[in-house]
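This document opens with one chain alone, in structure tokens, the form predicted alone.
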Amino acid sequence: MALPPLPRLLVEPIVRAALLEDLGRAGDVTTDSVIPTEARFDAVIASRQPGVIAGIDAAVIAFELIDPSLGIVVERRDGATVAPGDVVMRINGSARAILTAERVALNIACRMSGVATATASLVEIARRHGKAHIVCTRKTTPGLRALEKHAVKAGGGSNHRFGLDDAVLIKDNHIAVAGGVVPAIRAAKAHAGHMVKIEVEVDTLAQLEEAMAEGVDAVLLDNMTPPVLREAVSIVGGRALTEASGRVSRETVGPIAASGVDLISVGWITHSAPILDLGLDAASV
């Protein structure tokens, strides 16, 4: 099933802000000085590395905001796997417009494709070892959360909370200030509406026992070793979703998934994933 694109209404303000930042007060003085107004350009965006594509709809919007008359053909949609040399997009029309929008379009597409590629690498390993879904966190670039979380889905992952208003997630500092796991959960239940799910972070099996006695929708098993995670999954016994978090990498994700947890949350796929190298060049065909 193809990944549905994000609504343009949501994406366009992000792209518009990036273009305004790049154009500054005087516009693209280099292109305007060097390239004749009537010059035409047939260009392609192609991958220079293997990976998974994301951010393409945003890249299209970048070109269209500069010049709606550009001809654009998308060859690889978000979620597509690419090899070096694969063409992702073809653009033709005003050379000035293409060159002015180029960097913003590539910045977004490279960044989001990097997130998708990093996510896909973990998803593949997790699937070989268990049932766990890879999920992202709120450790996202300010202003780019919607695009980065969409990129996680393009890489085969799933989304955790989009924001603080999605669900109750009682973390260690909430527990410390509230006076413990039990009072924190009880306060959350008294405040939250019937549609709001409650998840609680636990650092020990003793805290897990307390949380399960109170009844929650999910438990965040923080920084537990795979043997302890297996014991935690046994304690939960299917009564709540189990989510492992902390020190997740390509080396550790397999053993974590093998513990039987339902979810593995990973911050670095959105805050530290390297870009996927995409480039814009003159079309050869």
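Quick note: we count residues from 1 along the sequence shown, nothing fancier. Note that the structure is a prediction, hence the values are computed from the model and not measured.
What follows is about the form predicted in complex with another copy of the chain, which we do not show.
**Q** Honest question, do 73, 206 and 225 all end up within 4.5 Å of another copy of the chain in the predicted complex by heavy atom distance?
**A** None of them does, since no heavy atom lies within 4.5 Å of the partner.
**Q** Consider residue 167 of the chain shown here, and say whether it contacts another copy of the chain in the predicted complex, taking contact as heavy atoms within 4.5 Å.
**A** Residue 167: yes, in contact with another copy of the chain in the predicted complex.
**Q** Looking in the predicted complex, any heavy atom of residue 249 within 4.5 Å of another copy of the chain?
**A** The answer is no: residue 249 has no heavy atom within 4.5 Å of another copy of the chain.
**Q** Would residue 30 count as touching another copy of the chain in the predicted complex under a 4.5 Å heavy atom rule?
**A** Residue 30 belongs to the contact set for another copy of the chain.
**Q** If you check in the predicted complex, is residue 95 within 4.5 Å of another copy of the chain, heavy atoms only?
**A** Answer yes; at least one heavy atom of residue 95 falls within 4.5 Å of another copy of the chain in the predicted complex.
**Q** 207 to 215, 77 to 85, 123 to 131, 191 to 199: which one contacts another copy of the chain in the predicted complex at 4.5 Å, heavy atom to heavy atom?
**A** Contact-bearing stretch, as computed: 191 to 199.
**Q** Suppose contact means any heavy atom within 4.5 Å; which members of 18 to 47 contact another copy of the chain in the predicted complex?
**A** Those in contact are 18, 19, 20, 21, 22, 23, 24, 25, 26, 27, 28, 29, 30, 31, 32, 33, 34, 35, 36, 39, 41.
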